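One chain is shown next in structure tokens, namely the form predicted alone.
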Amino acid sequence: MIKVGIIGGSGYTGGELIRLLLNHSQVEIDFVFSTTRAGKPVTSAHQDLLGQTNLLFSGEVNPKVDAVFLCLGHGNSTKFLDENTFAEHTKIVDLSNDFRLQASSNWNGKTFVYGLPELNKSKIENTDAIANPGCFATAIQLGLLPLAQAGLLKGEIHTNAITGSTGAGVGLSATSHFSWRNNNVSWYKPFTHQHLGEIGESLKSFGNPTGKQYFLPTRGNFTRGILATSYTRFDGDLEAAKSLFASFYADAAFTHVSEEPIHLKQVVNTNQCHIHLHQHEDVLLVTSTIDNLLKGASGQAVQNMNLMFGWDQREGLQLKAGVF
């Protein structure tokens, strides 16, 4: 058993992380740190955990835990680590975007490995610091990595991805308010979304040229999940594309290629990514879908922890979707 700490446990990703770790056979939650809820029951923020835990939010950090998860707003992880020192053996998994790009991956002598297991499994197994990928970035990359490795992304790449309201975080805003979001769909940050940087670095990591990417993010009128569709020019036939993807994900624990068209409910409440391929003339359409809070955040964080400690990737993540 290892002891872990969670920093910023009152939000959506923190709540999902607590839920997963409470059911992990190798983990004991040592503390859940919160500056605004110290002393209050964890269930005061996460009513779905009633009867599962008696943990209280803590105002103090135990620096000797075996692993710590940072569930903080973007830009706050670096500040927190500057102000709090952990033991040399403590492994860090950061769920913000502070360390995802190569230019910002080094901090205080540590190099944060980009935590996409389907891309960096061996590096993750041999590091003590992880930069957990973004939710859009995870869904889009998993749909494009096999093509990038094969050098087949030379043309323009067009992506549209729709996400649930939990992707905006637990805090209320004009575009996450129920009366605005319900029965409504809209795009935002067209062609400039912050996840483009990490996507681009991963696609180029194979050393092959890649075309310009055009990404249009969309807000959906549902709570969780991401459905991403990417299309680009493809010279081969559909069977060649399927063979390429099957080979790339042959050993993947959670990413699977479906012969049938896919939909969001297949993956919500799981750490799965499902992919489907469709060809129209010389254009290949790749659809990928994930749960933004699990494979796109907390589930992938646990998957990375499992790899760092040498456990089965699936430990604590054997979750079934509710498709009915």
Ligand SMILES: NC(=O)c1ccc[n+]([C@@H]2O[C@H](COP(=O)([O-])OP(=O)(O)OC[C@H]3O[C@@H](n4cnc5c(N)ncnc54)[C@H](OP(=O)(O)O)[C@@H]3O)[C@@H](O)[C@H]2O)c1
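Predicted model only: the values in this text are computed from it and were never measured. Numbers follow the displayed sequence, beginning with 1.
We do not show the form predicted in complex with the ligand, though everything after this point is about it.
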item: Interface stretch in the predicted complex with the ligand - options 208-216, 72-80, 139-147, 177-185, non-hydrogen atom within 4.5 Å; value: 72-80
item: Contact assignment for the ligand in the predicted complex, among 246, 170, 87, 238, heavy atom within 4.5 Å; value: 170
item: Contact residue in the predicted complex, chosen from 268, 297, 68, 284 - any heavy atom within 4.5 Å of the ligand; value: 297
item: Check all three, 105, 114 and 197, heavy atom within 4.5 Å of the ligand in the predicted complex; value: no
item: Interface membership of residue 11, the ligand in the predicted complex, 4.5 Å heavy atom rule; value: yes
item: Touches the ligand in the predicted complex: residue 202 (any heavy atom, 4.5 Å); value: no
item: Close approach of residue 292 to the ligand in the predicted complex, 4.5 Å, heavy atom; value: yes
item: Interface membership of residue 159, the ligand in the predicted complex, 4.5 Å heavy atom rule; value: no
item: Within 24-40, the residues that have a heavy atom no more than 4.5 Å from the ligand in the predicted complex; value: 33, 34, 35, 36
